[in-house]
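We begin with a single chain expressed as C-alpha cells, specifically the form predicted on its own.
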C-alpha cells in the first residue's frame, strides 16, 4: 500500500533540506519544504528540525516513511591506483565517481617511495586498488600490494584488479582494513564497475553512519542514507531511460565546495575518419571537481581559473583587488550571501567559471592527426555534442534566471585548430526549480518513474 505522504531529507555540508511529497497519478506533489543549517557536530539535530517542520504528526517513521541522503562529510575521499592511466586507472575513476566518491589523487604503474609518503599524508577514506586483466600483469600489482601492506595508511583498501592474484594481494595486505571484489576490467575493453561501486557504497554507510549522530537518524527512520551524489546519479539514469526527449542531457550540480557534472549521452558515435583512443566511456558519466565551488572552494577556484576570471573582471570594469577580498571573505564565511550589485556580479562570474571548467574537464577531445596516408581524427574521452538539454541544480543554479551562466558549458577552451573539446553545442537550458533533485533522487530507488517524471516536470526554462 502506498503511503499518503513520503518525506525526503538530504543532509548537506552546509544545509539540511527536506520535502514532504504526496504520490498522485504517477508523480509527486510537493506538500511542504524545509531547511536548516546543518548541525555538523550532531547531524541528527538538524535532521530532526527539518522533519519537525515538514508537517504535523511527522515525529516518527510510523507517520510517513523518511528517505535520506547525506554528503555532510564532503563525500568519500578516494585515491585510485591503476596499472595504466588510459585503461584500468580510467575505469577506477568511473567506479569511484559513479559511487558518489571524490577522487583526491591518482597513481599508475609501480608506486614510488615519495608516492607512498604522499598517500600516507593524504589520508583518503578508500584506496581503490586496480590493475591488470584477469590473468594479465601481476608483478606490478603484487609489488604495489606489498608497498601498501608495509605503509602506515589507515585507508580502507578495496582491491578490484587481476583476479588471479586476489588471494596473494589480500595476504600482502594482512593487517590493513581491506577487501576484494570483481576486477573492474576483467579483459581488455570490458568494463565491470558495479561490484566495486556497491562495496564503496557500503564503506560510505559504515564510515558516515558511525559518526556525528547519524546512527541516531538511522535508528529513528529505519533506513540507511544514500551518498547524495550516488542518489542523483541514479535519478539521472532513470530520467534518461524513461522520459521522452531526455535521452541526451547533462546536469550541472554546483555547490559551495564542488561542482559535479553528469552526462547521459552516447560517448562515441564514430565515423569513417574518427578513431577512438582509450576507453569507450559509459552512457552515464559523473565527474566531480573539488576546486570548483562558490564558497568553501572559492580560493581554489580563483587559483585554477584565474585567467578566465581576470578576463571577466576586466570586461566588466571590476577591480581585481576587490574581487580578491571578496574571495577571502566567502572562503572564511561559507554561509555568507552577496551584498550589493558588485558581489552579485562576482558570484555570477564565479558560477560561470565553475560551469565552464567542469564541462571542459568532463568532455573529451577531438584531435586532427596527420600521416603520410592523409589526415584523420582521434577522439579521447566522451563526446557531449549530442546533448540537447542542460539542467542546473544546486543552490545557485536552481535560483538563477540567466541561461548564459549554464551555457558556459558550451564555451570552448583556448583555440586550437587541430584539437577541440567535445562540448554541448546549443542545448536548451533549465533550472531545477526549488532545488528538488537531491530530494527526488532519494525516492528514485522505490519510485523511479514518479521521481523522474516529477524532476523533469518541475524544471524551469532559462532564457537569455
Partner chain sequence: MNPQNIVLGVIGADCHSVGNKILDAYFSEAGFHVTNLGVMVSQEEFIDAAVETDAAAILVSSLYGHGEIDCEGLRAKCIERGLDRILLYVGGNLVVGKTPYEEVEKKFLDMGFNRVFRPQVDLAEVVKMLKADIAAASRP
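Residue numbers count along the first chain shown, from 1. All values derive from a computational prediction rather than experimental measurement.
Heads up, the form predicted together with the partner chain isn't pictured, but that's what we're talking about next.
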Residue 131: touches the partner chain in the predicted bound form, heavy atom cutoff 4.5 angstroms: yes
How about residue 137 - does it come within 4.5 Å of the partner chain in the predicted bound form, if we only consider non-hydrogen atoms? yes
4.5 Å heavy atom contact, residue 190 to the partner chain in the predicted bound form: no
Find out whether any non-hydrogen atom of residue 275 is located within 4.5 angstroms of the partner chain in the predicted bound form, and reply yes or no. yes
In this chain shown alone, the residue from 246, 308, 156, 109 with a heavy atom within 4.5 Å of the partner chain in the predicted bound form is 109
Selected contact from 83, 239, 76, 196, since only one has a non-hydrogen atom within 4.5 angstroms of the partner chain in the predicted bound form: 83
Which of 335 to 343, 378 to 386, 291 to 299, 223 to 231 has heavy atoms within 4.5 Å of the partner chain in the predicted bound form? 378 to 386
